[in-house]
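Next up is one chain by itself, shown in structure tokens, the form predicted alone.
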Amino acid sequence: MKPAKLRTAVLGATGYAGCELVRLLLRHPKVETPILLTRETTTAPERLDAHYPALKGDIPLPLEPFSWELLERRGVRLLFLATPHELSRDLAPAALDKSLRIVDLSGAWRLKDSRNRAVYAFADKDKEKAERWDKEAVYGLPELHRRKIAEGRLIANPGCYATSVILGLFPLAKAGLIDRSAGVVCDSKSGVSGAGKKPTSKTHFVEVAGNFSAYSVFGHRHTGEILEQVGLEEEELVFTPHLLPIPRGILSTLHVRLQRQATAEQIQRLYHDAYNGCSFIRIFEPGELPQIQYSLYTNDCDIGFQLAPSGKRLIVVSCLDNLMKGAAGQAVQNMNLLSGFAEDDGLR
């Protein structure tokens, strides 16, 4: 007798990350066809493939009105929240009270330090409960927190920029090799899908095509994630995001001064040791640098570096697909860990 497949639901499937998540779940060998939920009320039934015709096929993809009763009746065990930060902040505690496990793709539960979390200006209805889940939520970066994720109930999927920067810096920070007094400069560029599906004057085709711009300088929401996970202080980090005129993909260029002189072979060994056994980290040979095109439509994070002749200055380049390793792919990776599946199930 075959084991029962995992029953999941996705709230927010009509967004770019939500749709990518559904696409991955539909091909996952150990997951039932997910229940697709919407907070919108319409007079006529909706289907996800009406929003994304590329999903048309033999499997019906109805969008059903969200209700706790529906989740209970359909036997859902894991709920993905691909929702705005404020909505995830409101729904997750209620879902946890109903013994559901949560993988939240928003920024609602990523930050432990209230000073970093202040950028979201959350107005919690039950501050005591929210504070408790702030402490218990697990930052869902498997390469750093695999064991905690497997034992968790509320998994906070990391931000896309933050994933690229943290994975690029973590081996150096772990080894105490970063000269923090010199500061770390993170120069990151993302495709337009990272801004979400709702159009704005800044993401309109006319504004983006043939253009390149910086935004949210000294104020981006992913800054706190980098500080907390890498172990830096605010004054030790300069993180500047940029908008590329492409649909998807992230390239982060990380400028680091080293505490002590190192060789390229030592740096290479450091990264291989830190990510030994990690299915989705690809370390390039010294001097070979990743490009966005190499990791598109995969759950891989590509990392390469160039060491200065002095052996004291290092440039690290980290690339990933913001809708995959930066969002939906990483969410499936976290679901696999929560459920005892192979970490790369449904992702290769």
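In this text the structure is predicted, and so the values were computed from the model without any measurement. Don't overthink the numbering: it's just position in the shown sequence, from 1.
The protein also exists as the form predicted together with a further copy of the same chain; that form is not presented, and the subsequent description refers to it.
Asks: Heavy atoms within 4.5 Å of a further copy of the same chain in the model of the complex: which of the stretches 104-112, 78-86, 244-252, 118-126 has them?
Replies: Of the options given, it is 244-252.
Asks: Is Pro93 one of the residues lying within 4.5 Å of a further copy of the same chain in the model of the complex, judged by heavy atom distances?
Replies: So Pro93 does not count as contacting a further copy of the same chain.
Asks: Taking any heavy atom pair closer than or equal to 4.5 Å as contact, tell me whether Thr240 reaches a further copy of the same chain in the model of the complex.
Replies: Thr240: yes, in contact with a further copy of the same chain in the model of the complex.
Asks: Given that a further copy of the same chain is not shown alongside this chain, does Leu144 nevertheless sit within 4.5 Å of it in the model of the complex, heavy atom to heavy atom?
Replies: No - in the model of the complex, heavy atoms of Leu144 and a further copy of the same chain never come within 4.5 Å of each other.
Asks: Should Thr223 be counted as a contact of a further copy of the same chain in the model of the complex, where contact means heavy atoms within 4.5 Å?
Replies: Judged by the heavy-atom cut-off of 4.5 Å, Thr223 is well away from a further copy of the same chain in the model of the complex.
Asks: Does each of Pro65, Phe170 and Leu227 have at least one heavy atom within 4.5 Å of a further copy of the same chain in the model of the complex?
Replies: The answer is no: none of the three residues contacts the partner (heavy atom, 4.5 Å cut-off).
Asks: Among Lys198, Lys135, Arg269, Arg73, which has at least one heavy atom within 4.5 Å of a further copy of the same chain in the model of the complex?
Replies: Comparing distances to a further copy of the same chain in the model of the complex, the residue within 4.5 Å is Lys198.
Asks: Within 4.5 Å, heavy atoms only, which of Ala182, Ala262, Leu177, Ala130 is in contact with a further copy of the same chain in the model of the complex?
Replies: The residue in contact is Ala182.
Asks: Going through 259-275, which residues have a heavy atom within 4.5 Å of a further copy of the same chain in the model of the complex? Please give them in sequence order.
Replies: Nothing in the stretch sits within 4.5 Å of the partner.
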